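Next up: a single chain in structure tokens, the form predicted on its own.
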């Protein structure tokens, strides 16, 4: 078994996921990165880290990834469910296929991944789960964000449900809810300058902090915003 803590991170090829991976590597964790095209970044040498195939639209890939990580490291201490997709459509304009994809990637896939890793997460008595949700999971900002918001409301609810299911096992789960983050996904939704959005490295610092808290400091939700709003 690895002496280093091990974190599974989905969607780690770019954006928030890549920043989260770098932050955990800097803290001395071993990374297991789930990617459609597995490739370790330069800061994560193969001697200490691992990349595996994972497709959020393929339910079987979660179990295969967990099995590969356990075979490599013998432990899983945290799961960061970061992979996600966006939509610009209202709940009226979105078609069923796109709505199904939003729910499959943003809600069903994180649940499947955490379920696959449930036993090893509970073994240490302090497993950690982070669901990368969104402030769109806390309020519907506009009609055009409606379909996406439905999926992210469900993602926030998923984090709460995981927290309840695993509390007695020492598993703690948090929904991290950023607003605009300077990533390709956010740039497709807004024309604002990157300097007016949250830096993905700052989101990564929050994620690492949340996984480091003791069991007696359970944080159900963590909201991050780059702008003044009515509630956030």
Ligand SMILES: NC(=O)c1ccc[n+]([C@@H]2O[C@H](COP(=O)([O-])OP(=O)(O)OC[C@H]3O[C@@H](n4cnc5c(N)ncnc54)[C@H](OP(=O)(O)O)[C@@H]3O)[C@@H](O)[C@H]2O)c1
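Positions refer to the first chain, counted from 1. Since we're looking at a predicted model, the values are computed, not measured.
Missing here is the form predicted in complex with this ligand; even so, the following discussion is about that form.
- With the partner removed from view, the residue among 140, 91, 161, 85 that has a non-hydrogen atom within 4.5 Å of this ligand in the model of the complex turns out to be 85.
- Here the chain stands alone, but in the model of the complex its contact with this ligand, taken as any heavy atom within 4.5 Å, falls in 51-59 among 66-74, 51-59, 166-174, 23-31.
- Contact check for residue 152: a non-hydrogen atom falls within 4.5 Å of this ligand in the model of the complex.
- Taking the partner from elsewhere, residue 132 is found to have a heavy atom lying within 4.5 Å of this ligand in the model of the complex.
- Although the partner is absent here, residue 105 sits close enough that one of its heavy atoms falls within 4.5 Å of this ligand in the model of the complex.
- Under a 4.5 angstroms non-hydrogen atom cutoff, this ligand in the model of the complex lacks residue 204 among its neighbouring residues.
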